[in-house]
Structures are given as C-alpha cells and as structure tokens.
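First, one chain by itself: the form predicted on its own, in structure tokens.
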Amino acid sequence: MPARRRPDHNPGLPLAGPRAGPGTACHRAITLRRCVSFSLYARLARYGFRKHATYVAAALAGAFTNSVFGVLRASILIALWQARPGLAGYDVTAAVTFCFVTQAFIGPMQLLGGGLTLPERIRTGDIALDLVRPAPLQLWLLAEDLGRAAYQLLVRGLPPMLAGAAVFGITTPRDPERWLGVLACVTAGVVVSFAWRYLVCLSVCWLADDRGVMVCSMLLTTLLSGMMVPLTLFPGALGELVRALPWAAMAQAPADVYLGTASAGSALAFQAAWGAALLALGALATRAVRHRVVIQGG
C-alpha cells in the first residue's frame, strides 16, 4: 500500500525540516532570492549615482560654495585657536583640517537637509506606488542615497579638501588602514544621515507640511553634528551629551577617525548603534504609513 502524502504537499519541494539543508531546492531558492535582492540594490545605487551625475554644473557650483565657506570658517578657527592654543585638544593645523573635512561631508551626508523626494511624493500621492514596490521602501531609498552620496563625495567633497590643502595646508592620514577606516565611517555616517532624514520626511504623513520640521532638523544637524565647530568644544556634561547623540555620528565621528583622535572601531560601533536604531524606527514608521497615509490634495 503506497504511503499517503499530505494533500497540500508539492512533491517537487522538500518538506520543512532537516531535509531543507544545503543543496536542496529550498536552499537554492533562498540563495537565488538573496542574489536577486543584492543585484537590485546595486542597480539602485548605480541609478542614484548616475541620476545626480547628470547635474554636473550644480555639483561644481556646490563644491565652489563649500570651498569658499571653508576658507571663511578656517580663518575664524585660526583666529580662535591662536587666541586659545590647544583648545579642545586640537592645534591650529588640526582645527583647519577638521574644518575642511566637515565641509567635504556637507554634500554626501546632506548636513543641511534634503536629498530625498519623499515629502513631495507623499503630497502628490505617489507614495502609494512606492509602498507596493518589490523591495522595502526604506531600503530602496537607502540604496539610491548611497549612490548619490558616492557621487557627491567625489564631486563636492574632494574640491574643498584640495582648496584647504592649497590655501592653508591640512594633514592627511599616511596609514592605508586609517583611510579604510575613514571610508567605512563616512559610509556609516551617510547611513545615519539617511535614517534621520527618512524619519523627518515621513513626518509629512501626519503633519502635511514639512517646512517646520525640516528647518528644525537642519538646525539640529548643523549645530550638533560637528559641522560648525568640533563637539569637543562643548563643556562638561553638555559635551558628553552632544557627543552621544545621533548627529555626532554624521560628521564628528568620521572627522575624529581622519584626524586620528578616535579609533575606527569605536567610531563604527557608535555609528552602527545609532544607524540600527534609526533604521528600526524608520521601519516602524513605514509600517504605520501603510495603515494610514495622509496625502495633501490627493
């Protein structure tokens, strides 16, 4: 008498359990899905890079502006450090280097805000299409933003560094391992910046107008990321607080690794903690948006 099979069992697929190990059809299907997902996100990153590479003139204008403001900031910092030598543990050269390094981060990390078209898509109703794409909305936009950041780092990040080296003379890491650490910290800083900007953009679903929250976000990021002055200038408990906030993971942490005042491991651990926390909040907010999307005018 032949053995009876479950009526819902497909003979071509193994049952769940020990038989679904390496080499089985189930394992191959999971591996294929992961490869397809990686290919999708790689294509999205390349798309983000190519989309922003279209606007070369705008990127060069932004690089020129960052360089000019970098010279102005550096002049102020030189006067400050000459009046207070050794302030915050930096000498004059380190302070000027910090200035131009953070100027180079403005474009890739969008320290002044923006970089995402999500608020406009929420107002027009296109968010409904975004939520049914074959990939999570947050990861989809993150992949595009990483491609954008790569282009901005090359076109808007390098010119301020070159201007600082030509006008004032800045220090550069000599150890290749530190360069790898700097690159890893910059990438992690972009992820933290994206996660924060994503949450700010999703607030449009409840506020209907993003201008107020965008201005508040820009002020917080400008003051607390290290873009204006090193966060080590803040005294006592206030300094410990601002260096523990997520904005410090955007500019201060990679700048410290560049200057050699912090190890790449500790900076990456700090950035990874905040990146994971903010991305988790973004995933929860996206789930809430799926249940209630408030679209202005749509």
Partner chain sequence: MVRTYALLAWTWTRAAMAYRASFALMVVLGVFVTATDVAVILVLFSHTTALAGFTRDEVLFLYGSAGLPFALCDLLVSNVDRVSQHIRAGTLDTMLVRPVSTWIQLAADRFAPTRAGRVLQAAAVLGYALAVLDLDARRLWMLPVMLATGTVIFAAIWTLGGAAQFLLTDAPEVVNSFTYGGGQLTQYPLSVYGRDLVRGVTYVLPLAFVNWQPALYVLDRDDPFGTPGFVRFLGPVAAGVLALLAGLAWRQGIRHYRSTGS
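Positions refer to the first chain, counted from 1. Treat the numbers as computed from the prediction; the structure is a model and nothing was measured.
FYI, the form predicted in complex with its partner chain isn't displayed, but the following is about it.
Residues within 4.5 angstroms of its partner chain in the predicted bound form, judged by any non-hydrogen atom, belong to 58-66 and to none of the other stretches in 269-277, 58-66, 252-260, 239-247. The partner is absent here, but in the predicted bound form a heavy atom of Leu219, alone among Leu183, Leu158, Ala165, Leu219, sits within 4.5 Å of its partner chain.
Among Gly114, Gly169, Gly86, Gly212, the residue placing a heavy atom within 4.5 Å of its partner chain in the predicted bound form is Gly212. Using a 4.5 Å heavy atom cutoff, none of Ala94, Phe100 and Arg178 lies near its partner chain in the predicted bound form. For Arg73, a non-hydrogen atom is located within 4.5 Å of its partner chain in the predicted bound form, even though that partner is not displayed. By the criterion of a heavy atom within 4.5 Å, Leu80 is counted among the residues contacting its partner chain in the predicted bound form.
Of the heavy atoms in Leu223, some are within 4.5 Å of its partner chain in the predicted bound form. In the predicted bound form, its partner chain lies farther than 4.5 Å from every heavy atom of Leu199.
With contact defined as any non-hydrogen atom lying within 4.5 angstroms of its partner chain in the predicted bound form, the contacting residues in 228-256 are Met228, Val229, Leu233, Phe234, given in sequence order.
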